[in-house]
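One chain comes next, on its own, written as structure tokens: the form predicted on its own.
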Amino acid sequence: MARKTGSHSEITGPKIRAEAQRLFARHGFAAVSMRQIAGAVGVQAGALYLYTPDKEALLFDLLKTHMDELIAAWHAEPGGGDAHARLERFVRFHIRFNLERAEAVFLSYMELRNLSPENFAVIEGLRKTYETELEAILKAGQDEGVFLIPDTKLATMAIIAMLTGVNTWFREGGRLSRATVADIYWDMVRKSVGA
């Protein structure tokens, strides 16, 4: 099949991913057709299959890319310090990173059910990798005697849920700035672990 005049794979591929993410987040994965994605990109529906085998593969790619980028960005953060300092860095990082990617975060939580068991397992594994980073900080805080947590796994899940929840209500230009939100959430997390 001939490529449309003026189309470029290095442009079209990212446009397909961006439009699919926008449409999936706005209307839900099940309600969006490949034809709608193609229309938003400005290509024929058949052209999408040059970039992805099917709609689920496109969703999986979006979710995996988000998790890969999240983990890589966390690993690129400056390390070191005691558990208290590391937990503060994690809280501020999680809010900062995810507020820039509200659609990707929404898909990561709302559209997992649309993945095959194999693809679900991959994303679940990546999520556990990230969660383990926080749990290691919490365990270190217990060992240092600075955190009072009855169950580090439960605390990990609760903290991540609380931090990710910022994406559901935060609006740029609203009553609270990003920095103020991060300060308040850090204070709440700090208190929740008894620090």
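It should be emphasised that the depicted structure is a prediction, and the values quoted were computed from it without experimental measurement. Note that residue numbering begins at 1 and tracks the sequence as displayed.
Heads up, the form predicted in complex with a further copy of the same chain isn't pictured, but that's what we're talking about next.
**Student:** May I ask you to choose, among Ala158, Leu50, Ala45, Ala140, the residue with a heavy atom within 4.5 Å of a further copy of the same chain in the model of the complex?
**Tutor:** None of the others qualify; the residue that does is Ala158.
**Student:** Though a further copy of the same chain is not shown, can you say which of Ala102, Met110, Val122, Ala73 has a heavy atom within 4.5 Å of it in the model of the complex?
**Tutor:** If I apply the 4.5 Å criterion carefully, the residue I get is Met110.
**Student:** Does Gly165 reach a further copy of the same chain in the model of the complex, with heavy atoms at most 4.5 Å apart?
**Tutor:** Gly165 belongs to the contact set for a further copy of the same chain.
**Student:** Does at least one non-hydrogen atom of Gly39 fall within 4.5 angstroms of a further copy of the same chain in the model of the complex?
**Tutor:** No, Gly39 is distant from the partner.
**Student:** Would you check, heavy atoms only and a 4.5 Å threshold, whether Pro150 touches a further copy of the same chain in the model of the complex?
**Tutor:** Because a heavy atom of Pro150 falls inside 4.5 Å of a further copy of the same chain in the model of the complex, the answer is yes.
**Student:** May I ask you to state whether Phe97 is within 4.5 Å of a further copy of the same chain in the model of the complex, using heavy atom distances?
**Tutor:** Although a further copy of the same chain is absent here, Phe97 would stay clear of it in the model of the complex, with no heavy atoms inside 4.5 Å.
**Student:** Heavy atom within 4.5 Å of a further copy of the same chain in the model of the complex: which residues of 163-195 qualify?
**Tutor:** Read in sequence order, the residues that approach a further copy of the same chain (within 4.5 Å, in the model of the complex) are Gly165, Trp169, Arg175, Leu176, Val181, Ile184, Tyr185, Asp187, Met188, Lys191, Ser192, Gly194.
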